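Here you'll find one protein chain in two forms, each presented separately as structure tokens under the names structure 1 and structure 2.
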Structure 1
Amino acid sequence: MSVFQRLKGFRDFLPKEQRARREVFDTIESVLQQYGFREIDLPALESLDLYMVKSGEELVEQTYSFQDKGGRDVTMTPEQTPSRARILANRKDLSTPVKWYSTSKRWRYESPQKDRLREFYQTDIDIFGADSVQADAEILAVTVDIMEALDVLDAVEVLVNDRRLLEGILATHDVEDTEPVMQVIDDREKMDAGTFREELQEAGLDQEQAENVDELTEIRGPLTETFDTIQDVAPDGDDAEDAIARLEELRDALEAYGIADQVVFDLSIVRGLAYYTGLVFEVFDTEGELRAVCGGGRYDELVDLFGGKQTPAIGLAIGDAVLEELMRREDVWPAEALQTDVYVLPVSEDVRTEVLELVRELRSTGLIVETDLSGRNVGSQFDYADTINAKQVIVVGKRDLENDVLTIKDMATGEEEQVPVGDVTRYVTDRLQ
């Protein structure tokens, strides 16, 4: 063992693992591209004050924040929303809606655990400048399509809520401290109805409010089936009424997208209340074993904080760690195997020229081709061809060249074929299609 170790909470991805990860990222991005989301790429390091606008002092302790050589307080970006808000505030020329995504590294100074890393990837997707239910529906539709493209749609539930329903209940009487109420709602599944109501009252609700919350949390199912009931028990007030109107329009849009059955209403989805202004959603595995696979919501007032004009926004974030856990559990994580089309095997040094010419020709057709770089014997070269998972091995000996015929071995079947030198490229490309 070397004296040098990787930092805890950080990961190395060597070729086999990286190939699988690349496939997952590519799948996510190709769905996003079909929706007209556009890739952006923003700095990994930003001024600390930009990132404190949203998160305040606690950010400093939970991030890699430091003073650079020039005395600037900077932070390795733990998320990307403040950077996006910075751009929106400075670039008045962007035509809306702005539909951005990026998959990039994020850093948080957390206690490293299995699914709490200090360096991780996150795909962030936002629509800025559209406050419509159509934008909400598009974010949910792309979420569902990504889950489907990753082959985990059957293993997850997309849970939605509108935080204003809960706010409406709390607003009917003055609940001073909403945090304990949220906590009780978050723990709903651990209690029976009686205990739940008691706990809500202990947390500061009166009896009527507690009943109202209980009724709403009882409703859980596809938005198509539950909407009428939600409407019946929704609290009064303009905001709650708007929430109901939007949920209805959302239901219709999701039906048109053909995904209404996949979207489940659940009042216990209360992520980051201070931040979100309307729809919130999270995707959970149906077995309830993992943290949220992804989530997001509408945050119409955030960009404002950064000095920009009021800009409605809805976003979605997908981290890599929980997603990988889920895909491995569901046995749909891509194969962690190298991909090589052809290995060209020189039997001796005196055939190098012909081998390199052949390698060059094969690569020019787009194939993945390797050859010996170490002067190894035939047996070692076959071992290496195995290691890199080569599909075909072309054996090139001096005698073969004299006879104008090369041996091509199919590594899956073990079958060998004699092929005239001039036909080798066509033979191999035919086999690999």
Structure 2
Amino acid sequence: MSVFQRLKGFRDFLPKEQRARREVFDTIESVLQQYGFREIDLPALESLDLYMVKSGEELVEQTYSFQDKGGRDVTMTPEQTPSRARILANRKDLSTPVKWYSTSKRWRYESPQKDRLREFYQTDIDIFGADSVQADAEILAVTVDIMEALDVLDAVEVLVNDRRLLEGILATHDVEDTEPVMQVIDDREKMDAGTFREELQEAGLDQEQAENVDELTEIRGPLTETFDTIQDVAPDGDDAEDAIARLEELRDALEAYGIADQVVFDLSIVRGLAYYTGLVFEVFDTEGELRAVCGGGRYDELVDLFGGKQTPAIGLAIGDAVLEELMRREDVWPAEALQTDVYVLPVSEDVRTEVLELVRELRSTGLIVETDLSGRNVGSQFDYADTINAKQVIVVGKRDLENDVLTIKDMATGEEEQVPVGDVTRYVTDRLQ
């Protein structure tokens, strides 16, 4: 019989690997909790129609979609923003602003690559019901703080733009159908200048227009220093003027947060999904080797499309695959090693009762405690304790119990000490603090 292999684009995580990943997720979520974001949990399966409302055909084609036994067209969740918009459209009792996050699996049917998988983890973060620049600033601030908490802030840059500004600029250059042009601009970093101009012409621009768009989308610089340039190219019109005003207010808010120097204006940032309505941003590694580490933007019309009232919103998504590549490259990925505080080693079967009583007492203090489950001899148990990275081993033997002492071995130093039975828990906890 052949041995089954896992599907392409999917991953197995054994305990050592998953412990490191859990540390990363916990770090991200601890920052979110400091900002008052609340955790939610949503279905892994949704109606396919949910993603056909506004996400665009490209996303729908990348989904794991099928008919269930009831004949309904369903899809495995590729992202959570439409699911959250569905909730907001149906729930009238939620006080705004609603600040939610969730870390869970997502699925997309794409060609598997090192940093692009068919099943992956993603942390989605949203603020619903706040149209202020302060909400935009908070999303960017939490993004910067997450990067700092993960120890990769010096290796990334946060790039921002406003789609309304870019669309207005394209209109002034007689670009009538902006959508295909915006899609080409979204992939700009993947092409050289010649290929980029060719793709723009295939999207409907003439040579002069393509050259102008190429030149315009090179506008880039610290948000604190580029306002003269932005205003020079900004067209007349309410949308563009509002975009400029919001970017200026955003700059001031980010300066108050102390992170303005971390944010760069880049007119080529688009974000591919069609539901973004204003501010968009992406985080890239400074060496340009990886896809976007994370990104997001404002989507003020999405809830309305699902039958709810007009609800402004802004969000952020952090996928685990690119983030892991970046952290490994920067040598800050957590150690993939098991963690065990104490291993309680029975020398013989006739001390099992005392061993289990001690295990229960130690676990009640919050320690990670293991003991023998397989009837191993003493040497094999010490080997096992070493494989699970036990910090302390408590040896429980009949003769020691008769003398009211137990032997405790520090696995890092190899030192052993005999401790009165009644003092064992305190002794161990003191040394593990």
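If you superpose the two forms and keep the largest set of C-alpha atoms that fall within 1.5 Å, you have the rigid core. Counting starts at 1 and follows the sequence of structure 1. As the structure is a computational prediction, the values presented were derived from the model and not from experiment.
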Checklist entry - For this pair of chain forms, which number matches the form predicted alone? => result 2
Next on the checklist: Core superposed first: is there a CA shift of 2 Å or greater at Met191 between structures 1 and 2?
Outcome noted: yes
Next on the checklist: Is Gly319 displaced by at least 2 Å at its C-alpha between structures 1 and 2 when the rigid core is overlaid?
Outcome noted: no
Next on the checklist: When the rigid core is used for the superposition, does Thr123 move between structures 1 and 2 (threshold: C-alpha shift of 2 Å or more)?
Outcome noted: no
Checklist entry - By how many angstrom is the Cα of Gly237 displaced between structures 1 and 2 when the rigid core is overlaid? => result 2.6
